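First, one chain by itself: the form predicted on its own, in structure tokens.
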Amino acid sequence: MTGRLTIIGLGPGPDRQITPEAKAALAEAKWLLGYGPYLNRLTPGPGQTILPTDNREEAARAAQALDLTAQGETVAMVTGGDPGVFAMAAAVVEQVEQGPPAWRALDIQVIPGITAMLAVAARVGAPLGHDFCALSLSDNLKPWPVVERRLRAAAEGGFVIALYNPRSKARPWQMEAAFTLLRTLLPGTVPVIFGRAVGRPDENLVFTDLARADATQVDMSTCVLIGSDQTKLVERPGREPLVYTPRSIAAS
């Protein structure tokens, strides 16, 4: 009896942004595991069982999925965005590394999805048109000084920065701390975009700049894009501006 575990990214929210490959894998699974709000986006078919867990139970969720797979079950591990970007793919592989030797022989596949920074970037133009990086502001799994060091390196290196997990009720101060640091390294005119729930009915998009960016407008459903000193905002009468980072940089 051979099981299969598929780790699936649902994209940023709208059903139309779930890839055909992901939809096919979801339909084939008997067990659907994941964080509750992500599973709530799905309608289980006949014979499918949903097993929701809390957001901070990634390790236990991954182990449960691997255990079911080892029993010969067809399992889908569901996550938002892309499963390899601050999501469940790494948690599953970590459990494979630490778990029983039999787990290393399991059939495991990761199916990509559209991650939040790509959805927000596409919505506003091309802010990721040149070099960029993605950082998580959460200090649950790494010390805050590491976050600060990486923010500084990204700003000094001229990268556009995409911030995930920017601000929660349990971590209300990190976003403002990040802005405070970046204001010492970048011009205040650098474009900043808050993209919340992009593509969904409750979408909220804010165009601002680093000098005026208000951390209280951000929550865990927001992806924050912070431009480099090369990023430009193109005003358009009667339309939202376009934000882009030029593909070329002059030699210095």
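Keep in mind that what you see is a predicted model, and the values were worked out from it rather than measured. Numbering starts at 1 and follows the sequence shown.
Missing here is the form predicted together with a small molecule; even so, the following discussion is about that form.
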### Query
in the predicted bound form, which of the listed residues (92, 175, 154, 87) lies with a heavy atom within 4.5 Å of the small molecule?
87
### Query
Of 190, 198, 29, 193, which residue is found within 4.5 angstroms of the small molecule in the predicted bound form when only non-hydrogen atoms are counted?
198
### the small molecule contact at residue 128 in the predicted bound form, heavy atom, 4.5 Å
no
### Task
Examine residue 164 and determine whether its closest non-hydrogen atom to the small molecule in the predicted bound form is within 4.5 angstroms.
yes
### Query
Would residue 185 count as a contact of the small molecule in the predicted bound form, using a 4.5 angstroms cut-off between non-hydrogen atoms?
no
### residue 111 within 4.5 Å of the small molecule in the predicted bound form, heavy atoms
no
### Message
116, 120 and 221 - do all three of these have some heavy atom no more than 4.5 Å from the small molecule in the predicted bound form?
### Response
yes
### Query
Which of 143-151, 176-184, 103-111, 156-164 has heavy atoms within 4.5 Å of the small molecule in the predicted bound form?
156-164
